[in-house]
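Just one chain is shown here, as structure tokens, and it is the form predicted on its own.
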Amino acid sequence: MTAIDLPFSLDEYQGRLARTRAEMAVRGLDALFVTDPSNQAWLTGYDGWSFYVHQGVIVLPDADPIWWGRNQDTNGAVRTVWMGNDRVRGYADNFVQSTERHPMQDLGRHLADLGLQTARIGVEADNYYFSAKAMQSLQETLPNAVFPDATALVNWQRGIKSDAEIAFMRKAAAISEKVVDGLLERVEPGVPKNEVVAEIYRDAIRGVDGAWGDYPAIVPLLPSGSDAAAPHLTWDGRPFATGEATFFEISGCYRRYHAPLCRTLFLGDPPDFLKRAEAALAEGLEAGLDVARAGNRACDIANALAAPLERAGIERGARCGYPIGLSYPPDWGERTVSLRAEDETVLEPGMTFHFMPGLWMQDWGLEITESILIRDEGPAETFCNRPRKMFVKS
């Protein structure tokens, strides 16, 4: 059975597979085992909330990929992947969270059946979804095979987006705009944070005309006041308060594609130091967007951002962006290029980034960010169209 509602054409999936196989050949890999759910979806279309158990895609040089996972999840696989049902394999439930056996023993048997007992099989060794125990069990099951680290092999093939992928990201961006517009309207002193977050989710999942909303890979982040020095706090039931800035880090999501957008809202009259930081950050954003051009480097964006911040006496120790696109929890980044001073990756048309120069100081924070597309010519395009400023509600 072919998936009824594939996000992309079969030709697009074949192109992705060809790029992956070409890199496998360069590295001398006989097979590749992919566990990152974003990479699984990119290669096969698989889409399900099953990444809390062991699963993955076996990529071969001369045959269709094989999706492998828990038996009960094979029903989801045959409904979402582009391959035939014979390319979906499942393991019994007594492997799940067992102290007597491990799912990698089942995977090892499948790999042996494919004649890979002594093969070079790449694995995503540094990945959220592949554990030390999984590696140990796989090595014990196939003691004569070699397992080179192929972390991010597939991620790097995802860097330049197709027109179809960019269209999905534009839909995600429209949802991001809707979410930001809604929270700017609803946040008032005394309103509990969880009430606003409930409306963020309502807007995000309802989506916009022509684009239903999927769940984002990261939950809304919205620390206030001195807590905004910590970039990854979520929410509680405390009310918003006058005299505090809150940054909102959110993203719309359409068919697993993201377009993050962060803005800061101050309730009351902002202090002068925050206004100066806002002006420097806005100047740095403009400078960074102007050099975000095909042929320039990732570090050029970071250096352009840094100059006005340094003139204002603000030093950032963090990178200021990362690639985005298709993703699953816990992260919407692609984990390849970093927008920072030492990364000399050359920018190419079709690359997409979250230009994310958040300021997290000792007792305050400020975020104004953009999701961007590197164009054939000229400066980067921003996916969203909202003022790059700190919003103020008196």
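Sequential numbering from 1, following the sequence displayed. The model shown is predicted, which means the values in this text are computed figures rather than measured ones.
Beyond the structure shown, there is the form predicted in complex with a further copy of the same chain, which is absent from this document and is the topic of what follows.
S.K.: a further copy of the same chain isn't shown here, but in the model of the complex which of 126, 185, 272, 86 has a heavy atom within 4.5 Å of it?
M.R.: Of the listed residues, the single hit is 126.
S.K.: Could you tell me which one of 276, 170, 110, 133 places a heavy atom within 4.5 Å of a further copy of the same chain in the model of the complex?
M.R.: Contact residue from the list: 133.
S.K.: Select, from the options 58-66, 344-352, 330-338, 26-34, the stretch whose residues sit within 4.5 angstroms of a further copy of the same chain in the model of the complex by heavy atom distance.
M.R.: The contacting stretch is 330-338.
S.K.: Under a 4.5 Å heavy atom criterion, is residue 311 part of the interface with a further copy of the same chain in the model of the complex?
M.R.: No.
S.K.: Is the gap between residue 96 and a further copy of the same chain in the model of the complex 4.5 Å or less for some heavy atom pair?
M.R.: It does: once a further copy of the same chain is placed as it appears in the model of the complex, residue 96 has a heavy atom within 4.5 Å of it.
S.K.: Taking a further copy of the same chain as it sits in the model of the complex, is residue 303 in contact with it (heavy atom to heavy atom, 4.5 Å or less)?
M.R.: Flag for residue 303 set to no.
S.K.: Report whether the minimum heavy atom distance between residue 210 and a further copy of the same chain in the model of the complex is within 4.5 Å.
M.R.: No - in the model of the complex, heavy atoms of residue 210 and a further copy of the same chain never come within 4.5 Å of each other.
S.K.: Among 242, 375 and 381, does every residue place a heavy atom within 4.5 Å of a further copy of the same chain in the model of the complex?
M.R.: No, none of the three is in contact.
S.K.: Let me know which residues along 182-206 have a heavy atom within 4.5 Å of a further copy of the same chain in the model of the complex, or say none if there are none.
M.R.: Stretch hits, in order: 194, 195, 197, 198, 199, 201, 202, 205, 206.
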